[in-house]
Every structure is written in structure tokens, then in C-alpha cells.
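Take a look at this single chain, the form predicted on its own, given in C-alpha cells.
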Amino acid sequence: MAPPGRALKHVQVREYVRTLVGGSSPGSPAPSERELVQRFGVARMTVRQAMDALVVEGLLERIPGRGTFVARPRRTASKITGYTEEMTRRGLLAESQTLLARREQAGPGVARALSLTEGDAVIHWRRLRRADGVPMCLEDAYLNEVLLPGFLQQGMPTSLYDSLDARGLRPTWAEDSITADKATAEEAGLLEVEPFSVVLRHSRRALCDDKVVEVSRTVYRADRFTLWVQLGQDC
């Protein structure tokens, strides 16, 4: 596990490079590792980890014998991913800590989102999720208990989407929304940020064909998480 200090430096380097090359033409050179080591006063390994994350993300590409450059846009749609998959894609080590896992009665909002009747049984799974040892987000997932018999009795899985996949319920469609907000006192404590720090609130309604399998509300640290999507149209 990376020490929190190094993890934060890695994020600073990564986001600095992202901002620096943002809007640059494909093929433009990225800053050298030596330049970044001198600028941030960090180990070359920390810089390499930051650059690796941007290569995996598709923002940069390495050309053997020449260096690292702004990559050509990948012509693929953003796919539905869970937290572990998303952090792996960014070159970060994902970890999760279960804070709550229990059977509850669906409130009006959750029931409507899951296409259930208010008071129906749902599974509420709350996790603190880390990346490279540092808190990244706080996630509350609500699941239709009827679709997941024995879910709570089998031990909580490492990956929700892998567990859904094993049951033939991996999401094939998702509706996401993201808004900016300020962290509550509880959220700030868990995410290890100052009270009222800016956060990103991400809501998701995920379906497998016509079945709503997950409704989640996630609070991301705005200083650590950057939303990245690909947009386009057929020509």
C-alpha cells in the first residue's frame, strides 16, 4: 500500500500533466519524467506511476525510442464500470471498507428508482472506498433483495459488479448524474478532508436489460477524482 503522502503527490503530478496537455493536439510531447521530478521534488517512481495512469486512461501514449506524447482519441464509448475497474484503469490500487450492510425497507426515493413499492425490502451496502491507500469516495448502494437472494448471508464480495455478473445481472445500461456540493461533517471525517470541502455527488441507476439492479449515491473527493468520458457520433 502506498503511503498517503506519496499517493497525494502522485495525484498532484497526474492532474498537473492532465491540465498541461489538455487541449493539445495528438502527437504533442508530454513533459519529461526528469522535468516532473524536479518540479515536484518526488521520486521518479511516483512520476512514472502518474504517467502510467494517464497512459492507461488513454490521454497519453508511449512510443518506444521517442518518448511520451498526447494520444489520439480512442473511438470507443465509455463502458459501464464499477469502482474497482475504474481505479485499475487509472492505475490506482482500489480498496473498500464496508461500513454498513443490512436489509432495509425502501424509502420513497429508493423505491421509485428501483421500480419497487415503498416499504419493499432492499439491501443497503455502504462502503468507504480508497485508492492508493487514500480515501476516494463514500458509496451507498441499494439493491433489489428479490433479485439477490442470500446476498447478505454469503459474505460481502470484493466487487459488486463481479457478483452481479456471476448472477447474470451485470448492468448493461446506466443513468448517471453528477453535481458539485459541500461535504457534510460526517462525510468530511470519513473522506479525511476539511469540513465543507467541495465534493462531487454521483448518482447511478443501473439496469440489466429491463431490470433495475442497483441504485447508488457516491460522494467523491473533488481533489482526487476527475470525471472522464468519451463523447462522439457516427460519421
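All residue numbers are counted from 1 along the displayed sequence. All of these numbers come straight from a predicted model, not from anything done at the bench. For the two forms, the rigid core is made up of the largest set of C-alpha atoms that agree within 1.5 Å on superposition.
In what follows, reference is made to the form predicted together with the DNA, a form of this protein that is not presented.
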Pick from 39, 167, 182, 44: which has a non-hydrogen atom within 4.5 Å of the DNA in the predicted complex?
44
Of 47-55, 171-179, 205-213, 192-200, which is the one stretch near the DNA in the predicted complex, taking non-hydrogen atoms within 4.5 angstroms as near?
47-55
Considering only heavy atoms, tell me if residue 9 and the DNA come within 4.5 Å of each other in the predicted complex.
yes
Tell me, yes or no, whether residue 28 is in contact with the DNA in the predicted complex, where a contact means a heavy atom of each within 4.5 Å.
no
So in the predicted complex, is the DNA close enough to residue 187 to count as touching (4.5 Å, heavy atoms)?
no
Flag for residue 168, CA shift 2 Å or larger between this form and the one not shown after aligning core
no
If we fit on the core, is the Cα of residue 61 displaced 2 Å or more between this form and the one not shown?
yes
Could you check whether the CA atom of residue 14 moves 2 Å or more between this form and the one not shown, using the rigid core for the fit?
yes
